[in-house]
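Given as structure tokens, the chain that follows is alone and in the form predicted alone.
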């Protein structure tokens, strides 16, 4: 019972970070219909850039973190402006393939700039452990969950009350109507990529504070993709709720199945869930089914 509570708490908290990263994927998909296959590499790059600011450059936290956020916003703007915007009106497969090329380019650039295989960020959160019932949890997990929850709330308020947030929601429903209102859709695309990169950066920092920085962080994007598949490609609510489910399944499976199967079962579980969901409910838990006329 003690192990179950321990696995459940760590799984749900890590799953909330997956949800945060997955929201960036949903943002881009809803606004432009592009599947961002470079999501994991954006997490990886942001984590190593944070290491460069805080450890290599020796900047204090109050200065290093804002620079990381500004870097992620600038990166999102540049990707959309100089790589994706010239491909507007091209087949959607071309846009998706370009994001795959961006992923490989970022991964190569990261391995060239930071050839280390493992690194650690300085202590961001308090080191004292917290006891929740019989479970002993590091504060990194709790802070990651709390920060993710706060960002979920802020984003919800942004999309509900902020003028640009409302426009982004409307763009997801009908791009032609937005263009008819005189609002440049390309501006919405840029804003979506900037927000997605910012969420990837924050998610990368939270994941790095929990498990350190490795090139395996690129797989976090694939796990976030499994969150999107489970929750629904076009559902913010689905992304928020599916993350803890994926994290819980990963934690419980890794804790209980590893002694019975093989050590890598934990990393495979999110992709097993993808396969099951695609067979049972292809549009995800909260995705909107699309009916096409023949």
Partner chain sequence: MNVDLPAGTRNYSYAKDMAIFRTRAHWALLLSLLVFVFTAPLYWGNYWLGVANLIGITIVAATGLNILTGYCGQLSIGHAGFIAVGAYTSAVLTNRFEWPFLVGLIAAGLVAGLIGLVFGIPSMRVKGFYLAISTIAAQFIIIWVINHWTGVTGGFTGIRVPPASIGGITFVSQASQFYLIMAITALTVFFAKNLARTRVGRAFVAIRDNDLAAEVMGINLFRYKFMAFFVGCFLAGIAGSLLAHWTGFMNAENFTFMDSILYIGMIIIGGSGTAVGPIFGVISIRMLQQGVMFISPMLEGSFLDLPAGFTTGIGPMVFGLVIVLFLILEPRGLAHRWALFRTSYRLWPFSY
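None of these values were measured; they are calculated from a predicted model. Positions refer to the first chain, counted from 1.
Another form exists, predicted in complex with its partner chain; not displayed. Remarks below refer to it.
- The partner is not drawn, yet in the predicted bound form one stretch among 152 to 160, 196 to 204, 112 to 120, 139 to 147 has residues with heavy atoms inside 4.5 Å of its partner chain: 112 to 120.
- Residues 50, 54 and 125 are none of them found to lie within 4.5 Å of its partner chain in the predicted bound form, as judged by heavy atom distances.
- None of 166, 96, 177, 78 but one reaches within 4.5 angstroms of its partner chain in the predicted bound form through a heavy atom, and that residue is 96.
- This chain is displayed alone, yet in the predicted bound form one of 222, 74, 170, 132 has a heavy atom within 4.5 Å of its partner chain; that residue is 222.
- Within 4.5 Å of any heavy atom of its partner chain in the predicted bound form lies no heavy atom of residue 184.
- Residue 259 falls outside the set of residues with a heavy atom inside 4.5 Å of its partner chain in the predicted bound form.
- Remark: residue 12 does not count among the residues lining its partner chain in the predicted bound form, judged by a heavy atom distance of 4.5 Å or less.
- Proximity of residue 264 to its partner chain in the predicted bound form falls within the 4.5 Å heavy atom cutoff.
- Residues 265, 268, 271, 272, 274, 275, 278, 279 of 265 to 279 are found to place at least one heavy atom within 4.5 Å of its partner chain in the predicted bound form.
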